[in-house]
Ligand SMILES: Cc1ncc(COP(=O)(O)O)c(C=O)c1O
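This document opens with one chain alone, in structure tokens, the form predicted alone.
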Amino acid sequence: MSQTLEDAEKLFQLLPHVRLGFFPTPFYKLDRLSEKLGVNLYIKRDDFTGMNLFGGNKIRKLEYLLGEAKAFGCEYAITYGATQSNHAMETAAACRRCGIKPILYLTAVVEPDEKDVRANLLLDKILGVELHIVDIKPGETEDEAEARSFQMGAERAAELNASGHPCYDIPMGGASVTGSVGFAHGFVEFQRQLEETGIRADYIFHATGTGGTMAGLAAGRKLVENPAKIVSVTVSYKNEAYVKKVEDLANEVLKKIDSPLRVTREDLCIDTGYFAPGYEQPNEAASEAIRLLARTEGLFVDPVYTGKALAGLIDYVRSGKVPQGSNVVFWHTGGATALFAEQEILGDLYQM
């Protein structure tokens, strides 16, 4: 390795940062599922990131995003997502911890029932956020509704800034350069755990949505020169423009921490084969993966993100894309509150 982990750590120390999570998150072997699949399967428990029982991977990003917001003297923070967005809920909770007022613009991909508010949307309401539900209009696509929510958020931020109440804008998923720095730092943490345990990872699987986690992992892997192949399983449709966006974002992360290294297209492995029929829409492979993990290890993943990523991992092993005996890491990014969401998200998961 051309630089020590201590050298890598120093690259992050000059950036504004607030402490929100509990690190390092646990890393250990899943013995029973390893035996069943014929690989050495390890799990990185970023569902344990904190700061509350419903935490997940976004806390890594929010430590830097809200650190920057506080450095700018912001009173408010705005972010976006679907009504059951993990990121939106975690942002709201982190804002409360930091004394910043949260504002959410949430697109109703699945229409919520105001008489039966569930999961992350329930937590948002308990947190007392300024909440704006953006319905998808007849003839409007999900992307068009999201774009409209961004415009509404920009107008609200301009209004607050003009009235002397500084507002910080956080993109969906925290997928900005500042946010993705948090996951590059997370990979340095992971590398230390690998070295301490003497494990050489061959593959790392994780769910990717907006691309911020993926960009951060790619930058962090490059930083510590880890040879593992990262397989990023998408939870919605993606095209080559998305790949280019992630590549550019990863390189902006490295630039922000003053590293001369660069990520290339060849460093990215994106698999779009497991998200269908769409975002927040269940499929049988993910439901099977959720049941399998629960019934072998007593652990839970969700039908929107981590269940689909785990389904990809299992299929790679069963199909031989991942050879038997490989050391495989599942990076659990959280999101189990979706197990308590609307029926449209759960599908037939509850069936035996």
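All figures in this text were calculated on a predicted structure; none of them were measured in a lab. A residue's number is simply how far along the shown sequence it sits, counting from 1.
Form predicted together with the ligand: not shown, discussed below.
- In the model of the complex, the ligand stays beyond 4.5 Å of every heavy atom belonging to Lys308.
- In the model of the complex, the ligand stays beyond 4.5 Å of every heavy atom belonging to Thr79.
- At the 4.5 Å threshold, heavy atoms of Gly209 reach the ligand in the model of the complex.
- The shortest heavy atom separation between Arg60 and the ligand in the model of the complex exceeds 4.5 Å.
- Contact annotation: the ligand lies within 4.5 Å of heavy atoms from the stretch 201-209 in the model of the complex, the single such stretch among 201-209, 96-104, 110-118, 126-134.
- Along 309-337, these residues reach a heavy atom to within 4.5 Å of the ligand in the model of the complex: Thr333, Gly334, Gly335.
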